[in-house]
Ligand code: B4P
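Only one chain is given next, in structure tokens, and it is the form predicted on its own.
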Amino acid sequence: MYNIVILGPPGSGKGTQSKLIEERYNLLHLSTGDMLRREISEGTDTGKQVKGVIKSGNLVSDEIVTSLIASSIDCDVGHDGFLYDGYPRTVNQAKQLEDLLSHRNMTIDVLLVMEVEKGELVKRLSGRGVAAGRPDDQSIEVINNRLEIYRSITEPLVSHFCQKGICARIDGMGKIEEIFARIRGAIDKICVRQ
């Protein structure tokens, strides 16, 4: 059973690469962004609670996202593991995920860190905001806020996981298939070692 975390700033290609990873390794793709947007579109209590937080580019509370993740893990059947996209975002969430998995006799196998130059991130996010109609990607102020939050709050996760020897830095520049080849190599190398 694989447990793979994909981490990277907004616009680094996590969503695109996650689809390829989930197909190749038969994983359930757990995207907290998708989960939260679904909650908002369905008008659930959780959706109403997080709508303003997401619109401003800030992070949703640990309790809400951890609850969504736990529910998805417990309801899954037929997959060979899970791909965590957008979670964990903080060291506290990483510890919550590790605890959640430990209670289910699982561990995190690999952390994929998508690395993309800032100018390219802004270009990708701006284009996605217009094309996909995502308000969280249409304002340069919100984009910069999201990138700063990632740098200050989420980047410390890299050292947390690297200390465990399960961290793989992925060059996220180039063609989709080239990036995916790097990801496959990293997953296969780390997971074979275990």
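Please read these numbers as outputs of a predicted model, since none were measured by experiment. All residue numbers are counted from 1 along the displayed sequence.
Keep in mind that the form predicted together with the named molecule is missing from the display, and what follows is about it.
Visitor: Answer for residue 181 alone: is it within 4.5 Å of the named molecule in the model of the complex, judged on heavy atom distances?
Guide: No, residue 181 sits far enough from the named molecule in the model of the complex that none of its heavy atoms falls within 4.5 Å.
Visitor: Might residue 96 be said to contact the named molecule in the model of the complex, defining contact as any heavy atom within 4.5 Å?
Guide: Outside the cut-off, so no.
Visitor: Taking any heavy atom pair closer than or equal to 4.5 Å as contact, tell me whether residue 166 reaches the named molecule in the model of the complex.
Guide: Flag for residue 166 set to no.
Visitor: So in the model of the complex, does any heavy atom of residue 128 sit within 4.5 Å of the named molecule?
Guide: Yes - in the model of the complex, heavy atoms of residue 128 and the named molecule come within 4.5 Å of each other.
Visitor: The named molecule isn't shown here, but in the model of the complex which of 76, 120, 109, 115 has a heavy atom within 4.5 Å of it?
Guide: By the 4.5 Å criterion, the partner-contacting residue is 120.
Visitor: Within 4.5 Å of the named molecule in the model of the complex, which residues of 55-81 have a heavy atom? Give them in sequence order, or say none.
Guide: Contacts from 55-81: 57, 58, 59, 60, 65.
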